[in-house]
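Each of two forms of one protein chain follows alone as structure tokens, named structure 1 and structure 2.
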Structure 1
Amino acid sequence: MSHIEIDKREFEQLIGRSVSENELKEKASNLGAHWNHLEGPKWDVEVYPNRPDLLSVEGLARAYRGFFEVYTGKEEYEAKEHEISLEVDSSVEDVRPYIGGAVIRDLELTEKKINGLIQLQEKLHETMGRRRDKIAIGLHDLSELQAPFTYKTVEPESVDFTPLEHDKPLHLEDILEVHEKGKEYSWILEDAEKYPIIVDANEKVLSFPPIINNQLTEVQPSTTDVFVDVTGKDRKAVRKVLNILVTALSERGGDIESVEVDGEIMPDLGSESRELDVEYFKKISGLDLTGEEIVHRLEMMKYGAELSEGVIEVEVPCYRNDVMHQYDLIEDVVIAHGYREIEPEMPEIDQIGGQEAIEKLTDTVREIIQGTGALEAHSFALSSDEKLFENMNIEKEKVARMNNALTKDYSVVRNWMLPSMMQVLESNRHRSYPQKIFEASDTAVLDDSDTGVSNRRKLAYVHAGEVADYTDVKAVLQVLERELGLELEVKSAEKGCFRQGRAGDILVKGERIGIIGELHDQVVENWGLENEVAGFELDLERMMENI
């Protein structure tokens, strides 16, 4: 989600009427952009990534002009015939293959409007632009430039110019090393041997996309004519972003003029035609609206719409990037209708609820252990080598491990439960003893499944106190055995986490399903405990197979 800051007075001017605070607070968010009042005329608007066309005050005003029914239906944008052309050299294909361009003339700019424009540019970079990798935008004062322009690649050290926010000329490679924007975005050109630039007829550099523009072409309040370039790696995204920009500038009163880009006339401001079937709409939304009512709601959302014989011809504006399916049109109609207006209706589906066997067994086991007077814990499944192995005095085992964890504390998925129980005891050192804690929860163990790892439900129980020995926990295990009607067997065994001679494997029908014992003094010390601890751990899924 992106946040933009806008001025309510500008919004009202563009929309063509005054708008009350209450309208913005209560009604405006129903369109799908959330309005929060900052102070005075300033508002913060939160925009979802599917609507990049709303990332400017101009785009918002256009949408709300329809939603508030000031002017519904599609806006018409036209581009005057081109005077400027832009050549594209084939060498850009390996680096940044696509470019779009357009000219806006007769703008009346102010500091404030320029700031809004920069905000739109930056937000588009962050969202659709994927931090300038997929698309990047340049805005230029046309007065300093001589057409035709050329988009090409050059050797990094062969060209220099004075970039924005800098005081002297730099070579392209130095821009990546020295300039703040260069450092921030150099990763995009990491694999490039030659760098892309846009130059005018006199080889003056307009831009070094996607990094920085020439200071010479900086847009200022005195600027009236602007050249817009959009470069990128995705043909469709480049065209959409160009349309979002030029239509926003046109909402500001500028005149759009096309540019011939490598033989193609840009921008293409024509709408796309889609069909919306009235019956399909009714089926999906559950709303019994007439064709005319649907048309009106589409117009509120700034579509062109015409009904003929149960099908609505919808004209999708050139700046919309999110209409892929009839479902997208249906959503917009329902938004215009208002989610609040929708009456819930429970369908009749005859189905009896139910749980999987392991879930039921887990609940039964929890109830049994709770009956022995133990408190249930609730711990993290994510853990660390230190907790799972080092602190437990055992050899490191192979476990599910992440490759990008932010901290070591959450870098693996636990494969057993006793470490989690020790952590619970650790955080209750200042509480009175004895402490009896249990948890039945998921661990993950490596196996030969499709992913290579599966969840495994396990139960662990610990008893800590001044005297807490094997018999205390064996007693609880026996309660479990009795209540589940199991025949468990304990065979003496050695394990690093337990005291020698006070540990065993738990078996059912000869298969090992768990371990029991008194925790080794070293383990108790590792967890910062002073009392004695005994405990057991059972694999509930293996146990279930043998009940």
Structure 2
Amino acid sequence: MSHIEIDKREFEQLIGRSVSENELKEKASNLGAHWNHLEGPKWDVEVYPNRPDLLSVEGLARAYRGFFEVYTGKEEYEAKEHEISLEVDSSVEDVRPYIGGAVIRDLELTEKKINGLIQLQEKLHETMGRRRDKIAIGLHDLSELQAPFTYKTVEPESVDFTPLEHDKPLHLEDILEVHEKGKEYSWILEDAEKYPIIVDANEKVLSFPPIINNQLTEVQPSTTDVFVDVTGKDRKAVRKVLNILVTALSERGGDIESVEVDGEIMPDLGSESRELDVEYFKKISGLDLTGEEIVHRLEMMKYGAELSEGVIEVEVPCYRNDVMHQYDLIEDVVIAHGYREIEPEMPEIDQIGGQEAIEKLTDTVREIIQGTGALEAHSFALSSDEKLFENMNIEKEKVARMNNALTKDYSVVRNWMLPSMMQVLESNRHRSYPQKIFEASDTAVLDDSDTGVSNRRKLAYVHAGEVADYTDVKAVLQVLERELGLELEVKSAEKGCFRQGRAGDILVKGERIGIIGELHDQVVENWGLENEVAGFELDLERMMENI
């Protein structure tokens, strides 16, 4: 959660009407931003991470103009034809490859408005920006600059300028050691041999992203024209943050002007199109609304919407980054309708709750494997390409990926369990051997379901020690076979993670439900282990179908 402090008078001015304290406390919080009164006109607003467009008074006012039905429907933003271009040098590809730019002209700024902009900038840095690593923002007074601009990297000691909140010029390397912001964010550039900068036509430095801007371009109350740059490592995030900033500044009366960035015109203020099926909405939400009523509620949430033959064409505003599925639209319609307007009702069918069959089987399997002397592990479902594929010596496969992963070490959802067991062994290298470890838990596999991915319950078992071979793990598999009353067959097969000739597929009634073998020496070395490892993995859901 992010908290921002706003002035209620400013909010009312932007929304176009007065709003009572009770309205803010009771009704406004239903939108997904919780309002708490501090003192006088000051309010603290708590914003959910999925709505970074609400991290400013301008964004809040825009959303509540629709929610309070002052002005419903999608806001239209247009960018005037560009006068400024920005060239991107290929040297930034290995450091910070993406940049977006835009100009906002004819602003009427005050100290309070500038403080609000800085608050939005810093909140975006902390949330979408992953502490400036993923994206970083620069706001510059355009009056001191001469286009065209260039984004490039330079040697750390070759350029100097006077950074914000400093009184004399510093080289880039000195900024990282001396300046408060340099010390705080130098970790982002610790592997870079050259540092990124943005310069104007006269080689004046605008910014040293993601660290600090030049004092020369500091935005003041007298500033009327602002150049916005967003640099980062994620192309989509750079463009979305640029849209959030320029539309917020447009809400202040500024005129958006595009910038040509290496041949591409930015910002792209066009809408993304989505479809919402009326019958699907009724089925998922349980609300019996007409197509016209759903359209009205979408417009209250600031979407563009048009009904045609039972399907609503929805225009998603350019500043929203959280709408990926019909579920997201359905949620917004229900928010606009009001959760308190939903009449609770008892289910029409009588049933007794009970444990799912797969949970019963999983509990049974756990008891059986524990009976062989193995310890149960509980590892993370999130993993990485390196752990799932590179360390396991197999070809990379398609897996469910995180859009906004905090770190690449936890950027994908595991599709098999053995890598998780190897990670546990890696963490337990200082413990005594032999080690027998297992886990029965969920993986995620891509499929044709509505979300494109489904959970799949799997079991993995590993045995590590000076002598740990196929026979050891086959014995555990046979215990499982006997206790569950299965007839398992092991058929010789090759897989990159296992030693050649020491691996096989596990079959039941001719269907492949798992793998077994001795882990390849290269795999053992990749995980930093010094003992031999053997193991097996079973798809418990496929196995259950054959019990």
Partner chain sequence: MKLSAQAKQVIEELKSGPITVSELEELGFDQSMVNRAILELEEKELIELEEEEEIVQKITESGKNVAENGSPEYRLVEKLRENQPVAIADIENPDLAIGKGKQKNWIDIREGEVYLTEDGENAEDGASRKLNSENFDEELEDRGLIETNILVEKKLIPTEKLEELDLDDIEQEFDVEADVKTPRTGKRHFYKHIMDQARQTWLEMGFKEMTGEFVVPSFLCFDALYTPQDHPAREMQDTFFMETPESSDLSGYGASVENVKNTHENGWTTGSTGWGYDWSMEEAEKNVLRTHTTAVSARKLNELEKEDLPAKYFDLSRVFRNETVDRHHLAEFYQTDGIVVGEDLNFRNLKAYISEFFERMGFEEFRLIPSYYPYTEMGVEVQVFDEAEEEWIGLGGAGMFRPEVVKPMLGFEATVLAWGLGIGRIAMRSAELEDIRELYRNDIKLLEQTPKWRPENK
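When a residue number appears, read it as a position in the sequence of structure 1, where counting begins at 1. Just so it is clear, the model here is predicted, and its values are computed rather than measured. If you superpose the two forms and keep the largest set of C-alpha atoms that fall within 1.5 Å, you have the rigid core.
Note on provenance: structure 1 matches the form predicted in complex with its partner chain.
Two rigid parts rotate against each other between the two structures, and the hinge linking them lies at 352 among 90, 273, 352, 325. Relative to the larger rigid part, the smaller one is rotated between the two structures by 68°, as taken from C-alpha superpositions. Relative to the superposed core, residue 348 moves its CA by 5.0 Å between the two structures. In the core-aligned comparison between the two structures, the Cα atom of residue 375 sits 29.0 Å away from its counterpart.
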